[in-house]
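The chain below stands alone and is given as structure tokens, in the form predicted alone.
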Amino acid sequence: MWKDNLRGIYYIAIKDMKTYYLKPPAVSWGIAFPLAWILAFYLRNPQDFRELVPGLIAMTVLFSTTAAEAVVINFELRLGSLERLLLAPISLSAVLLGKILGGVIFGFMMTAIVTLGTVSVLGLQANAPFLVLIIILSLFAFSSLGALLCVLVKEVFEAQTLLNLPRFVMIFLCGVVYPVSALPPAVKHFAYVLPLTYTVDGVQQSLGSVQSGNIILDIFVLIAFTLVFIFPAIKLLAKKFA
């Protein structure tokens, strides 16, 4: 059974990549939007662009994984194609993990382009193992978040609307543009319960931008966020078939 589930997860991820992710809208949302956003802040307040690189990488992780993740499940539920997947000898959990993995793979492709480009052009020194680990764990966390928000609602447009709130809150509060340490105390405490804060901090430490954080803490917190998002998503998806 577990072999069937693994095979199902793989093929569902590949199907979603071809059907949803490798399309111009998803690519532009995953790369163009973070680049445009960071460039806008840079032009408004010119500074060393290297300081904005961790935020750019973190935003690419966030927007590339959720580019289609937050609508795919409800879209297929409406078409009836998700029910057809369950005719195969795989579990509902495997179906959801396949959806999440599709977002992770696409997000990794987009993030790798941005990361390699900026690191090479700016000549940044990176701790590659930690940087790759932080990126992969963040991809799983945000792809799981997209899946959770998708199954919370019934309509495709509701999922995108619901997802925009945490995305834009995290952009302003999680150190993408402004350091978390510079935020008011009450807001700072709120920032530490948002997953993007740990992505930005982990990337900063991997690139040597800051030395005071704890990258091991970032790793475990991102794993915890992934689990917190995945298990409720599985239960909510099961209710849709009840």
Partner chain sequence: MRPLEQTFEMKQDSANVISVSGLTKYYDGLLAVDGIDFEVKEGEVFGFLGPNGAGKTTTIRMLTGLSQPSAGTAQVLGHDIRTGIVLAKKEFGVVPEVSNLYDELTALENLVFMAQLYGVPSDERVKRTEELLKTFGLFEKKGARFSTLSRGMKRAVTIAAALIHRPKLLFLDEPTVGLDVVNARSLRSLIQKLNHQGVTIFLTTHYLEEADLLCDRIAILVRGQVVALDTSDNLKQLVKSEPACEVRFAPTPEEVISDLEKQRGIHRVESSGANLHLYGESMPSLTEAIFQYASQKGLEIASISSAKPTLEDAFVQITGMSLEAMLVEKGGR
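Please read all numbers here as calculations on a predicted model, not as lab measurements. Residue numbers count along the first chain shown, from 1.
The same protein also has a form predicted in complex with its partner chain, omitted here; what follows describes it.
- Taking the partner from the other structure, its partner chain in the predicted complex has no heavy atom within 4.5 Å of any heavy atom of I105.
- At the 4.5 Å threshold, heavy atoms of G80 reach its partner chain in the predicted complex.
- With a 4.5 Å cutoff on heavy atoms, V151 does not count as touching its partner chain in the predicted complex; it lies far away.
- At a distance threshold of 4.5 angstroms between non-hydrogen atoms, Y20 is in contact with its partner chain in the predicted complex.
- Contacts with its partner chain in the predicted complex, taken as any heavy atom within 4.5 Å, map within 4 to 25 to D4, R7, G8, Y11, I12, K15, K18, T19, Y20, K23.
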